[in-house]
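Okay, here we've got a single chain as structure tokens, the form predicted on its own, with questions on binding and movement later.
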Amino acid sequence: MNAPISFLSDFGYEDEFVGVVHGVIARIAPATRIIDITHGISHGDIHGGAMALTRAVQFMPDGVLLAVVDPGVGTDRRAIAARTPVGFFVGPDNGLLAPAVAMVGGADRIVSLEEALYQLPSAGGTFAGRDVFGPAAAVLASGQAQIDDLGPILDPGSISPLLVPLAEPAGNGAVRGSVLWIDTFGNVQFNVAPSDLESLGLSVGDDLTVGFNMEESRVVWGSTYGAVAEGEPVIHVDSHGQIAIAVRGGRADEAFAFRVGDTVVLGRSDGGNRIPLEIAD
């Protein structure tokens, strides 16, 4: 029985690229089911693709994870496949796969996709999703090839990492974090865990001080969006278990002008008397 392929890319739907990769897989392994995670990653946004893959992987069935966000296509960046406890990851060696592979327990085998027998011949080298990654995913999912058939074994230490920043103490009863992700609703996820705030003695229902762009705002930590009035911001634990900020009926990314990678400081606000914070640059 064929394993499913979970597919993520920055291809979008304006062009035929997603459908073509589906078609290539269907011709090689017609019984293979494909699950589209998303194809709405911003073009070339390796960080965004890696974060989306990492958020999604725990909900995907065991099988093949095919991820293509590949601004280096046509250069000397490697195409790889990795064997993990949940199946295979296939994609470019640019950091895209690294956080999700680490989340599922790491890889015990990584190969460079170089065997021409498992690639489509092409006059150009700019559509590796069709010519290299799709065929590799298809033969792995269907059992038509083993990972060692696809190319030479690589040293795991040579694989490109993607460094995800960690939250850290900021002094004065605060924690310094950064923006990991902004979803389509404008909700802003931080690299701050609930335990980071709980270690400061904070809990749901408390007011927090949010320091960003040389300004401070007082925001309540609520259990849901309904903890605040329409148009008001709320700190909450999002569906992926991270601390995030939203605006009920609005967009937190617009209300606070957050962008991915921005630094933020979260701390205690006691009865409106703000504890001094080292405000983010």
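Remember, it's a predicted structure, so these values are computed and weren't measured experimentally. Quick note: we count residues from 1 along the sequence shown, nothing fancier.
Below: the form predicted together with a further copy of the same chain, not depicted.
Student: May I ask you to state whether G231 is within 4.5 Å of a further copy of the same chain in the predicted bound form, using heavy atom distances?
Tutor: Flag for G231 set to no.
Student: Please check if V24 has a heavy atom lying within 4.5 Å of any heavy atom of a further copy of the same chain in the predicted bound form.
Tutor: Result yes; V24 sits at the interface with a further copy of the same chain in the predicted bound form.
Student: Could you confirm whether A257 comes within 4.5 Å of a further copy of the same chain in the predicted bound form, counting heavy atoms only?
Tutor: A257: no contact with a further copy of the same chain in the predicted bound form.
Student: Indicate whether a further copy of the same chain has at least one heavy atom within 4.5 Å of a heavy atom of T126 in the predicted bound form.
Tutor: T126: contacts a further copy of the same chain in the predicted bound form.
Student: Even though a further copy of the same chain is not shown here, does it sit in the predicted bound form so that A100, V192 and F212 each have a heavy atom within 4.5 Å?
Tutor: No, because A100, V192 and F212 lack any heavy atom that approaches a further copy of the same chain to within 4.5 Å in the predicted bound form.
Student: Looking at 141-149, 92-100, 195-203, 175-183, which lies within 4.5 angstroms of a further copy of the same chain in the predicted bound form, counting heavy atoms?
Tutor: Comparing against a further copy of the same chain in the predicted bound form, the contact stretch is 175-183.
Student: For the stretch 201-240, which residues lie within 4.5 Å of a further copy of the same chain in the predicted bound form by non-hydrogen atom distance?
Tutor: Contacting residues: T224, Y225, G226, H236, V237, D238, S239, H240.
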